[in-house]
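Starting off, we have a lone chain in the form predicted alone, written out as structure tokens.
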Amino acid sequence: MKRRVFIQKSIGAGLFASAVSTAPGINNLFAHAPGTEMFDLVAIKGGEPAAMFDKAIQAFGGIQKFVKKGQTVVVKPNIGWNKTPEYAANTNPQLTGQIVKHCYAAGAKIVYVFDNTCNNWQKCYTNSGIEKSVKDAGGKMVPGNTESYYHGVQVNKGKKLQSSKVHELILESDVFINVPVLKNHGGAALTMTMKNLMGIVWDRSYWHRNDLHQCIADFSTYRQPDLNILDAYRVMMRNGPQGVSTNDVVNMKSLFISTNMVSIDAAGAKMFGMEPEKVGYIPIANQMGVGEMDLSKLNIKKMSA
């Protein structure tokens, strides 16, 4: 497939029962010592988005576990809505920019950021604060609003969803980092990592018409992102996914990191105050072998910022 040349445009607290030592400085991003314990999931609470990510990714082994020199990286936040950050409809812009900085510090050749937005993409990119944060970090914002960017794939293990059109950056980049925001969703109960993948496909309406929870789980069998980072700094508790009022938002100041979407979504559900089995796509994906939803079976690092 010929690569398209994109032009940058202007456009439950119970998870945190233990605390850990001080956060690393930006000059010590790669201080993780070989041979130290590996975790299925890292959960951190109590800090600002960039600082929490600095500390949590170091505990997870550093971004260099996933991003190597010369690689192309695609970071996929939720940028679906024409809302400013205080509404918590989109991924936190400070977190998104910091992830881009870490990727370049690890030697990434280029870092792309995009979403197939629900509202006008240029307004979403600008008013979310994500475009500025990404550009300030050296990343490249690219559009996801045209069908020609998407290419057909087979979802071989899917039951309701057996094919889809996926954005070419996902198909062509070396590393895929999934960065959703935790929030209420009227149809899916919660938006987290598996639900965020609806922003890398063209035809989302099919999912809504054909058993949304099963389609979300089906697509999670197609490809696991290389890394999942769940933003729970500001959390929309009701009236999602777009949001109505800042009164619907709670500052949880939390962050989760995992390579597995089922596990991190289970942790996110618990943080929100829901049992994972109540979020339909989580047990379905668990049963399909995508990942483990029983947190008691995971090696989890719990941290305070």
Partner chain sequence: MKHLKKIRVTLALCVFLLILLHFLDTYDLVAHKYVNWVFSLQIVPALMRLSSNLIVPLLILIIVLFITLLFGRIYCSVICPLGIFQDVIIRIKRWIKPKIKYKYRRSQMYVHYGIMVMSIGLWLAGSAFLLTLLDPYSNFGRITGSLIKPVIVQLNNFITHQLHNWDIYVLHTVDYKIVIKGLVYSLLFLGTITWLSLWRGRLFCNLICPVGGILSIISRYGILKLRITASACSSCGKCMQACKAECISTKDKKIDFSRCISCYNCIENCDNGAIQFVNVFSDKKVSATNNKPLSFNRRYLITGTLGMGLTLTGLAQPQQHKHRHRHAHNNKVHQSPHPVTPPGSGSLMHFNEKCTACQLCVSRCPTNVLQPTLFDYGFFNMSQPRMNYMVNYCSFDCTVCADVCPTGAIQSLTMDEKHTCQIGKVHFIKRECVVHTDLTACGSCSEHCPTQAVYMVPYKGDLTIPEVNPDICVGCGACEYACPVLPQKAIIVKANTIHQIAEKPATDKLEFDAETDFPF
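Numbering follows the first chain given and starts at 1. Just so it is clear, the structure is predicted and the values come from calculations on it, not from any experiment.
This next part talks about the form predicted in complex with its partner chain, which is not shown.
A.B. asks: Looking at Tyr104, Phe176, Trp121, Tyr222 here, can you tell me which has any non-hydrogen atom within 4.5 angstroms of its partner chain in the predicted complex?
C.D. replies: Contact residue from the list: Trp121.
A.B. asks: Among Met271, Met261, Ala56, Ile63, which has at least one heavy atom within 4.5 Å of its partner chain in the predicted complex?
C.D. replies: By the 4.5 Å heavy-atom cutoff, the listed residue in contact is Met271.
A.B. asks: Is there a heavy atom of His208 lying 4.5 Å or less from a heavy atom of its partner chain in the predicted complex?
C.D. replies: Taking the distances in the predicted complex, the answer for His208 is yes, it comes within 4.5 Å of its partner chain.
A.B. asks: With the cut-off set at 4.5 Å between non-hydrogen atoms, does Gln162 touch its partner chain in the predicted complex?
C.D. replies: No, no contact at 4.5 Å.
A.B. asks: Taking any heavy atom pair closer than or equal to 4.5 Å as contact, tell me whether Gly129 reaches its partner chain in the predicted complex.
C.D. replies: Gly129: no, not in contact with its partner chain in the predicted complex.
A.B. asks: Evaluate Pro143 for contact with its partner chain in the predicted complex, applying a 4.5 angstroms cut-off between non-hydrogen atoms, and reply yes or no.
C.D. replies: Pro143: contacts its partner chain in the predicted complex.
A.B. asks: Out of 248-269, which residues reach within 4.5 Å of its partner chain in the predicted complex, heavy atoms considered?
C.D. replies: Heavy-atom contacts to its partner chain in the predicted complex: Asp248, Val249, Val250, Asn251, Met252, Ser254, Phe256, Ala267.
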